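Quick setup: one chain, the form predicted on its own, written in structure tokens, and binding and motion questions come after.
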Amino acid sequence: MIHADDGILSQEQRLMRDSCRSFVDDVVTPFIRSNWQREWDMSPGERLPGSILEGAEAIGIRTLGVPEEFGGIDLDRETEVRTFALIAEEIARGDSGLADKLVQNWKVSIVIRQFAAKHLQEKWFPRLLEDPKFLLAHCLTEPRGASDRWLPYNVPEASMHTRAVLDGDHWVINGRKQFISNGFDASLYVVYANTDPSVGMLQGTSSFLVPRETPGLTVTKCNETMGCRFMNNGELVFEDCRVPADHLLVKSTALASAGQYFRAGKIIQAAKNLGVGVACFERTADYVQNYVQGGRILIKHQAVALRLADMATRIEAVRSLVERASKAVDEAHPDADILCNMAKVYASEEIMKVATHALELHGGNGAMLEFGIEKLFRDAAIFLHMDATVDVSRMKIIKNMFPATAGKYAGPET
């Protein structure tokens, strides 16, 4: 059993899953297989044709998370994260970069609907729905601080270097953000900045809604990533970027307030990773049952059959943890944070092993660009550090389990 069990899905989830599966099988996968050179186009905007995003729009998955009153699809809030995970897996089975491109819209839409003033929702949600190429981005990571900031060191010296200072009826933002998903071509950004340098980041970080055309905001480059290349990862510089005061989303406690975003984000990362693993298995299962070597189809060689069984086992183990963690987030279970981080880190390591099996079982073909297996291997590898490194994720797990002792701040005794 390589796909989600229909018995645990609602009718709405089954219909959405089936629509996504058809879209991937009929549109995404054929495009990826026949245009393998496109991900290496050095004009980032030309890599993914607009028709792909238009196809995602046509089946209603580009704007999940947008409230129904603005024309979005209002998912059942009791199972919303589970639905996100289901759809993310299916899209990533076709291409993880496309999945990442889309899920940023879902995740940032959650933040906007929860924290943005009504007039801002009325302005931006319609624009998101009107333009299939409209993308959202979430800006946290900086050159001198990334997932390491999530270590349990909530002290001023660990805070963000991007600063925002109130000047009359505007906030003035200065700083730099890097490794931002959709950062190169997003139209609207949620930006986190330090507004109180005297306290730790959990008490001194605020979030802002910043349109791309805001003076002082410059998109400086598209990062050439090893995997997920159909999502254009970018870097941004803020130089006296003046944002209207009403574009402040959360004052001081933005990181803590966006807990649902971060928890859902971990689940979606694990689900996308799972989709890559499923693609590895499907492609490999087909290959070993048709490719002849040593006078027999490959699967008749026991060593090959055993590797395929190992791939399937790892995929099902990851799926089980993702489903449990998704349910915990939807139900606001006390262990949701722990399970989210477990799912993220476990998926990244297990699916990497699945991708390694796929690469090796394809032999020489697995190393050829036009064959597509090395792409899945690269896509799997990048998940090891997406949305926090493996080590930081493990630190967060143990800190949540033993908050009084694990990862105690290693600075001077007070």
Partner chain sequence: MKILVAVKRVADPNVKVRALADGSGVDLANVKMTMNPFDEIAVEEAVRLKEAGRANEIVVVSIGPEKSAETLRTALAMGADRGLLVRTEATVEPLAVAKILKAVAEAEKPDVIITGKQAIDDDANQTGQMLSALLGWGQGTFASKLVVGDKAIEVTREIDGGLQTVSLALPALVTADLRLNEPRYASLPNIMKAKKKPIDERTPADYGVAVEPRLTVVRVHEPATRKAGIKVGSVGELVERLRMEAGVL
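Everything quoted here is computed from the prediction, not taken from an experiment. Numbering follows the first chain given and starts at 1.
What follows is about the form predicted in complex with its partner chain, which we do not show.
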Original post:
in the predicted bound form, do 18, 26 and 74 all reach within 4.5 Å of its partner chain through at least one heavy atom apiece?
Top reply: yes
Original post:
Which of 380, 373, 61, 388 has a heavy atom within 4.5 Å of its partner chain in the predicted bound form?
Top reply: 61
Original post:
Taking heavy atoms and a 4.5 Å cut-off, does residue 68 contact its partner chain in the predicted bound form?
Top reply: yes
Original post:
According to a 4.5 angstroms non-hydrogen atom cut-off, is residue 394 in contact with its partner chain in the predicted bound form?
Top reply: no
Subject >> Interface membership of residue 11, its partner chain in the predicted bound form, 4.5 Å heavy atom rule >> reply: yes
Subject >> Contact flag, residue 87 vs its partner chain in the predicted bound form, heavy atom cut 4.5 Å >> reply: yes
Original post:
Only one of 353 to 361, 52 to 60, 380 to 388, 33 to 41 gets a heavy atom within 4.5 Å of its partner chain in the predicted bound form; which is it?
Top reply: 52 to 60
